[in-house]
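First, one chain by itself in structure tokens, the form predicted alone.
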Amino acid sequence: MMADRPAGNNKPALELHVPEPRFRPGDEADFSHLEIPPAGQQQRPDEACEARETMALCHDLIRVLGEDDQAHGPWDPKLDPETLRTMLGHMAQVRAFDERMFRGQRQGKTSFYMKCTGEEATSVAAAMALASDDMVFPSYRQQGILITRGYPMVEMINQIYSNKADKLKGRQLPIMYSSREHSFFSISGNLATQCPQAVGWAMASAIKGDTRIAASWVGEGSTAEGDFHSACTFATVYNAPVILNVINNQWAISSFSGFAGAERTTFAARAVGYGLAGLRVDGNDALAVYAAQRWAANRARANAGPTLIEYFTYRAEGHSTSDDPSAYRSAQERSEWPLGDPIMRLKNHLIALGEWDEERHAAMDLVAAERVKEATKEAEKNGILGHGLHHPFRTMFQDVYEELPWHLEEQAKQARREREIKWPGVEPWAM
């Protein structure tokens, strides 16, 4: 038998809840509802602990840098000043790169670009905590990993411009890089696909008895995709040596994080249901980011299990050059964000240690901007958007099959004939 509907006419009608951000354009931004604990108060469990021992850290916020610009607590990675300066330099280089590429898009040199302003620590500090040959499966805002690993900026710009020197032959959306030599898996515009790919790669590494681990990055909005949840299941079932990094920058294009579940709990808390170790980290604290990523990497290498890390940060600018954030969020949000700017916080820490000063910082910024300028000039020799300097037409048929099928071979020949008729005497590289 089935239960009867409760009797009476005074029962409320069912209601659907639709998440709504706390403030919209024109509103005064107020982040007082956020619980920001003092730096250094979070316990650091053993790297080989049971996953359930990290449950409290899924709801807390791991922080190292305090309001006094000093490092505090058991999560302090105790990095030497030279390493801190290197980390600061990489983040400054990423920001300089972003600024020039953004201007280049506005000047019509490329069709598209995505900045990571305010999120630099989540890629730079995390990359520095990994081994250089650990395989990374990034999303589209992790340019800091490539810069940290020494990938030439001129090659990044060639890809952004889709010019004749683009190693991906113009087949990828600008900013979707790939580098086997730098253990940087090809970025995909299909969100969250990199999560199960990272888990699968990590499983293969374990099967082969290798020592390399994998790490993936995904935005908090993409954790609503089925791919992310499949990755969590496989990671925990097979104890894959993988780190699943979730960048919670509060906004997935124009949809705020509540649509992915942020109103109910943290994104790190998703680890609990899967039996994963979970950490929630101040994503604008470079030392905390480094410490958490190193903890998870050591855990994976010790066969103690995978880790899900939520980096609580803020997307300071638009989702991309195609986005206008003023249409959906308060203009005050960036200035009111309580966790500050990752570059400024690390700079102030070094100054507090007596290992840095404003003059050296200004000089570093100038050098970073000049490096990008020189790389841009070099890349522009190979062409920019709409100037005809691109890969030969025939390359669209290459790198797809080991042996080109007969029907594609016929299409390639036909395309060459038609192009020769339409543009007789054109330079050979364009054919």
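The numbering used is simple: start at 1 and walk along the sequence shown. No experiment lies behind these values; they were computed from the predicted model shown.
There is another form of this protein, the form predicted together with a small molecule, and it is not shown here; the text below is about that form.
Asks: Taking R141, N190 and H319 as a possible spot, do all three reach the small molecule in the predicted bound form with a heavy atom inside 4.5 Å?
Replies: Every residue of the candidate spot has a heavy atom within 4.5 Å of the small molecule in the predicted bound form.
Asks: Against the small molecule in the predicted bound form, would L353 count as a contact residue? Criterion: heavy atoms within 4.5 Å.
Replies: No, no contact at 4.5 Å.
Asks: With a 4.5 Å heavy atom cut-off, would you call Q93 a contact of the small molecule in the predicted bound form?
Replies: Output for Q93 is no: heavy atoms all beyond 4.5 Å of the small molecule.
Asks: Would you please decide whether W251 lies within 4.5 angstroms of the small molecule in the predicted bound form, comparing each non-hydrogen atom pair?
Replies: Yes.
Asks: Give a yes/no on whether E310 approaches the small molecule to within 4.5 Å in the predicted bound form, heavy atoms considered.
Replies: Because no heavy atom of E310 falls inside 4.5 Å of the small molecule in the predicted bound form, the answer is no.
Asks: Counting any non-hydrogen atom inside 4.5 Å, which residue from P174, G283, G221, P241 sits next to the small molecule in the predicted bound form?
Replies: Of the listed residues, the single hit is G221.
Asks: Within 4.5 Å of the small molecule in the predicted bound form, heavy atoms considered, which of E336, E99, E225, D323?
Replies: The option sitting close enough to the partner is E225.
Asks: If contact means a heavy atom within 4.5 Å, which one of 68 to 76, 323 to 331, 99 to 107, 212 to 220 is the stretch that engages the small molecule in the predicted bound form?
Replies: Stretch 212 to 220 is the one.
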